Each structure stands twice: as structure tokens, then as C-alpha cells.
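Here's a solo chain for you in C-alpha cells, the form predicted alone.
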Amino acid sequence: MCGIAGYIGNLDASSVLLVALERLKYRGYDSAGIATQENGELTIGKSAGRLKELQDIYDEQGSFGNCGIAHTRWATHGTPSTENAHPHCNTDQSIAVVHNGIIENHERLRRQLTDQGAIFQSQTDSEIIPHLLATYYDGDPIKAVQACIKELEGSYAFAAIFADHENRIIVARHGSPLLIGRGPHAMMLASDIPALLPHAHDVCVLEEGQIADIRNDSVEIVDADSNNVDPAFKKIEINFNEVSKGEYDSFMAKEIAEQPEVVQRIIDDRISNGALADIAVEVDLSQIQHVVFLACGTSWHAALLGKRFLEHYARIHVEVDISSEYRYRNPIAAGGTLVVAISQSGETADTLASLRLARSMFMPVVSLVNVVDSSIARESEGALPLLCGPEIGVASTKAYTGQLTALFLFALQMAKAKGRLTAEQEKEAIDSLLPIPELVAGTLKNAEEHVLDAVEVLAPANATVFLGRGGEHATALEGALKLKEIAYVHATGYPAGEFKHGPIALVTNQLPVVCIAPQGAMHDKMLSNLEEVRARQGRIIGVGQSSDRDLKNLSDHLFPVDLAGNELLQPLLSILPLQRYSYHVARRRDCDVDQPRNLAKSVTVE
């Protein structure tokens, strides 16, 4: 959630860090700050609000040194304010710290430190860390950090600079991600790879419990037992173009447009010579009798469709759990159970905790992630990369369609391993997937004009209901989530069969109702739902084929979608105009589509 950055090099640290913070703001932020170090002194600049305000501070006060740390904050303890913004310092401002995570025992530590004379300036749990470091500091930063983290309960990734140790940053990690970047003339650190570019060419993932001592030309790492660890750097594969908007006005617009290429990339990776390619998982899929999906938000919606894919092809029992609920249950660990964790970032705190619970009960875990070096990927018996490229927009779009494509192919792989997919069935299923990239591109193009017409009329509405049956129930949930996330419209998704069990009471002539009704087995029943809405003067957006006269006659607006040859794959197309609808409604309501209020891209705290 919060974003951390750090720099040591031959450039002005504040200039580099401001760019890094710009690349981290998708993680969610309400304030930001920088601490730099020069000539035995620390200089702090921070501000609530947008990064432009922090930029103005540095434009006015100038630069101070070639070493610094920086932070974008997503509030957990204390309101968004300059005082609560990071970096935080000890009482004499000789130590500055930026922190991501939650210190659960902060209240007890705050009382203890206050009794010892510490003067606190904020309401945050994070300010505990610099004051605690100061109590243990005797000139050796590493020993102070080692002593400090023994006192901390909760999760953290933090970076500290000391006034009397120039060109040196000490970092520690427990439960929150942290990366170290290395370039020809710089050392960097960040919560995510985009913030390392373009100054770092190689990256090292700091492992759980490790402490790193970063200097201008080296990094030394020790583990939780104080054993030296050789840094494992590898080349950064992401390029600058992937983390820039290019010709688009927002990352969300760019990422929606990239979906045909994302689906094609996954197909090319997972299909070879017209057949399923092997996947690198250390699990015997032929022995699996039960699958449990763990996910949050958009990934949970994808899991609902993954359940349909697996049940249809592999004919095994599938359970879909919300990670934040699963981790507090006492789940049954039956033999033959496979846990599948789904997370775009691979760092989602609840999913990671649930994964660890499953592993503690000796259940194997396979993950679907977009970040292959993430915690969830590293702690799985196998990770299937989504190959979506960086997704910067907070509201997930291309990762969702990537997850659906990967889950469809995983279901085929499971069915094949269990002997429930003949060669003919495998070919038929693959052949139904191959046209999808072109259909995605066509649907995005053909629906745009119709979406804009609907937005012109319906953008002022403050509530919307989304209805779908079968696989399109997940589409209804995802469409509603997108509208909530970026346009701040109260929206809810329902299985259409439940509509008359309560939600129909909401229908008035002011309420837009999105009815997802492509041709298929449930089509006639969906038309009955449209009739129910129309009889109560609801304002209907139909999602289906442009050739469907019945749907067109019942709808005030029709979002045309191409028809997939395999009904199971239709949700890959049905969601597309709903992404664009949410985008345009948000624009019309003057909302920031890339950085919606109160939200973070990667939810790394509970």
C-alpha cells in the first residue's frame, strides 16, 4: 500500500526520489515526503495531498545531498496530514525512517518511549521506529536495527538513514515487500520495480527477516540469525515504456487497450503446436481431488470463473474463498486438496497469510501472479505468471482478463492430467480460445460509441445495479466493482435469479440496471429479468450481441459484445464495455481513474 523509495548516487537525491514517488503513487497515497542526508545533517520535506505540493517544496528549498529515502503514505493510523506523513524522525532528528506495514504493539511502545523522554510529532504507528532505533543506537546502525526489530510486532518494510553515516541506507523487511536496485552509478530501493527505473538495471528481492546495509557501491545482507547472505541480483526485464502512459491520458485507458495483447501473450506462452504446454508446478495434478481458490477483490471474481472452468473440464470439487475470511477459519485440510492463490501483485496481505495457513496444514499451493518475484510466487510450489506487464492503474483491468485466460488454460491442464480431456476435446477447447484476442479488440472498438451514448445520459446516477447469470454473475460483480472504485457510484452486482428476492425494490425510473445477456443457455431467463426491470421503469443497459433484437428492444442502451465460440469464455468479452463505461463515467464525474480516493493497488496490510 504505502510506497518506499531510496537512492544513493551522484545525482541530486530529491530529484530522483520525486520521480520514484510518482511511479509509486498507484499504491495509494494521501501524503508524501523525502529525507536527504548531507554533511552530517538530515533535511526533511513532506506534505499532505498531491505530489505536486512536495515538488513545490523542493523547488523552493533546493537540494540537499546525494542520499535519501522517500515515501508515499496510505493512512492506517492517524489522519492524512503533513505531521503524519513520512519520513519520521527521532527527537533530535538524527535518524529518519520510512515505513510500510503496521506495528501492532505501537501503543505500548509509544508509552514506554515517552516515559524515556521521546517526543512524538505524529499519531502514526510508524514513528515508533526512529525513536526505538535511537534508544539502541551507539554508532552502529546495523546493531540498532537488529535490536529494534526484536521489539516490533506486526509487519514492516522500513528504510533508515543516520545523520552521522553518509551515503548509507539501512533497510529491514518482515511481511512487506522491499527491493534493492543496482545501476552503474547508483544504488536504489523501492517497494516495486517501476520506481527503480531508469537508474537501476538489476534488482535483488529482500527476503523475509533480512536486513540490508546499502552504500553507494555495495550492499551487504544479513538474515534473521545474523548470517551473511550473498545478494542475488538479476536483470530488470521491465522497460521504461511499460511504466509510462504513452499516447493515453491515463494508465487505465492504456491497460484496457492492452488486453488483446495480454490474452495473446498468455496463449503463446501456454500453447505449443496446438496443444497445452507443460507448466512448472511441483504438484502432481493427477492426484488432486479438490481445489480451493484464495483471492481478494477482482482476483476473487476471476476465481469464481476459474471454478466454472475447473468443474466443467476437470470435474472436481472447487471452493472459492475470500482470503480475509479464510485466514481466520479452521479450514479442513483433506488429502488431495490443492490451494490456488490469485493475486496481481503477489503481495496481497490476506492472500499471503491464507497461503501460509494452507501450507502450515501441508496443503500444496500454486499461485497465479503478475509479479514473478513476489512473496506469493516465491512461497508457492509453482507460480503461473500472468504475463500482463506492469499494471499501474489501481482498478484492475488487463490483469482480470489475464487471470481468466490463465485460469481457463489451467483448468484444461488439470483435466488433461486427470485423464478427463481427450485429444479431441483439448483441440476443441484450444480452438475456442485462439480467436479471443481478436474478439477482445473488436469488442473494445465496436462498443465505444454505444458506451459514450449511455454515459451522456446516465453518468449523474448515484447508484447502479448489475445483473448476470451463470458465468456472467462474476461479470456483474466485477462491473459493479469498477464503477465503485473509480467513479464513486454505489453499485452492486447480483445473480439475476436473486433479483426478485429483494434487490428489485431498488428499481425506479432513476436507476440504471446493467443486464448482461449474451446469447447462451441463460439468455431467455435474462430476458425475463429485463422485462421485470422494464415493467418498473428501470433504465436498462443491455450487454449482448448487436444482432439480438429482443435484447435491443428491451434496452435503453445496448453495449455490443462479440460472441465467443465457447460460452465459458464469454465473460472475457462481456466485461470489456463495462470497463470502458466505468472509465467514462469517472471522467464525466471528474474522478481520477488511476488513483481513486482511499484505494491502493497493492494491499499489503490487513
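Start at 1 and count along the sequence shown; that's the residue number. These numbers come from a predicted model, not from an experiment.
A second form of this protein, the form predicted together with 2-deoxy-2-amino glucitol-6-phosphate (AGP), is not displayed here; the remarks below concern that form.
- Item | Contact flag, I430 vs 2-deoxy-2-amino glucitol-6-phosphate (AGP) in the predicted complex, heavy atom cut 4.5 Å | I430 lies outside the contact set for 2-deoxy-2-amino glucitol-6-phosphate (AGP).
- Examine K482 and determine whether its closest non-hydrogen atom to 2-deoxy-2-amino glucitol-6-phosphate (AGP) in the predicted complex is within 4.5 angstroms. Residue-level check for K482: yes, a contact with 2-deoxy-2-amino glucitol-6-phosphate (AGP).
- Query: Is there a heavy atom of A395 no more than 4.5 Å from a heavy atom of 2-deoxy-2-amino glucitol-6-phosphate (AGP) in the predicted complex?
  - Reply: Residue-level check for A395: yes, a contact with 2-deoxy-2-amino glucitol-6-phosphate (AGP).
- Task: Report whether the minimum heavy atom distance between T298 and 2-deoxy-2-amino glucitol-6-phosphate (AGP) in the predicted complex is within 4.5 Å.
- Result: Yes, T298 lies within 4.5 Å of 2-deoxy-2-amino glucitol-6-phosphate (AGP) in the predicted complex.
- Region of this chain that lies against 2-deoxy-2-amino glucitol-6-phosphate (AGP) in the predicted complex, out of 290 to 298, 505 to 513, 197 to 205, 438 to 446 [heavy atom, 4.5 Å]: Answer to the contact question: 290 to 298.
- Go through T348, T401, T475, T72 and name the one with a heavy atom inside 4.5 Å of 2-deoxy-2-amino glucitol-6-phosphate (AGP) in the predicted complex. Spelling it out, the residue with a heavy atom inside the cut-off is T348.
- Heavy atom within 4.5 Å of 2-deoxy-2-amino glucitol-6-phosphate (AGP) in the predicted complex: which of T405, S343, S375, S354 fits that? Just give me the one. In short, S343.
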